[in-house]
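One chain follows as structure tokens, the form predicted on its own.
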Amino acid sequence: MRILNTDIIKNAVEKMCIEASYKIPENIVRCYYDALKIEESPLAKQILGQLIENANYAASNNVPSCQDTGMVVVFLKIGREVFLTGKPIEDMINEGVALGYEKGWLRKSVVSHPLERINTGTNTPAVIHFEFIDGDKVEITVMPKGFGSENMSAFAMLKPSDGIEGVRNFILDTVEKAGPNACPPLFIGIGLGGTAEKAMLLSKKALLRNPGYRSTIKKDAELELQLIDLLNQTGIGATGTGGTVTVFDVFVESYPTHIAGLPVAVNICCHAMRHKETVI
């Protein structure tokens, strides 16, 4: 049994919030370069070049890559051989977020009630998802999710008879409605199956997969490739100005479901796909 004080998790979250906002992951920036090779629109090529310039400037000068520094989503995997001491882990994660947003001069965008719209002033609370795994480690992923893209996400309870064609059509319709609002080129997370809330969670978790890595489930991997081709045919292009590349990648995560349902969730992420991972 490993004893771990939650202060350590607070400090890690603080640092990760800042780094995720300043530094777009290298494998994401690589997508910009790859898109330049196949993009046919001169304007879209220019925009992709600006995305590269912006990512490099933010990382070099320790400033946010985007003014919308998001609402923080935290995925926490806790080893079964870890014994946590100190303050409750939820409180310490939120303290870490608050410190990170204060020290990093990051925009605080969270309101205390969806209808009253009063800013909490700390960018907390975070949205926290727990999972228990084997071992004595704690794995933390911090995802600051901007709402230009989050607002464009969607969910539907399709009929089983709608089948794969209905799934494809719903996803295509969702991305076309998003248009330029989600800051394309996009990363698309798809959740299939489970219940309504399970499908939505799957779609968010799907975005954590590395670009280019297909699902280990053959049916899902085939759907991913179909959707990449289908969505890039929309011609929405970089920032909605038209072009060859509308999505960088699509990730599908599935789960068993009820005989009477076909839940489909689409979580859209902008070109930045900000996240930071660490293992304690």
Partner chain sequence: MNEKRLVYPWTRKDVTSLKSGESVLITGTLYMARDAAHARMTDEFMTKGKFPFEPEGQAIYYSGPAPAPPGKIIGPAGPTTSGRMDKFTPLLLENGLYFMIGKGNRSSEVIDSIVKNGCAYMAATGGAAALLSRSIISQEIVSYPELGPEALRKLYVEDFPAIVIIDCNGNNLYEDGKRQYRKIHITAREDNAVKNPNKNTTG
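Residue numbers count along the first chain shown, from 1. A quick note: this is a predicted structure, and the numbers were derived from the prediction, not measured.
Absent from the display: the form predicted in complex with its partner chain. The rest refers to it.
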Quiz item: Each of Gln50, Thr234 and Gly243 near its partner chain in the model of the complex, meaning some heavy atom within 4.5 Å?
Solution: yes
Would Trp105 show up as a contact with its partner chain in the model of the complex if we use heavy atoms at 4.5 Å?
yes
Though only this chain appears here, would Thr239 touch its partner chain in the model of the complex if you measure heavy atom gaps against 4.5 Å? yes
- prompt: How about Gly148: is it within 4.5 Å of its partner chain in the model of the complex, going by heavy atoms?
  reply: yes
- [ ] Using the partner position in the model of the complex, report whether Asn210 sits within 4.5 Å of its partner chain, counting heavy atoms only.
- [x] no
Counting only non-hydrogen atoms, the one stretch of 129 to 137, 169 to 177, 84 to 92, 191 to 199 within 4.5 angstroms of its partner chain in the model of the complex is 169 to 177
The listed residue (Ser215, Ser254, Ser65, Gln226) that reaches within 4.5 Å of its partner chain in the model of the complex by any heavy atom is Ser65
Contact check, 21 to 54 vs its partner chain in the model of the complex, heavy atom within 4.5 Å, ordered by sequence, gives Glu40, Ser41, Pro42, Leu43, Gln46, Ile47, Gln50, Leu51, Glu53, Asn54
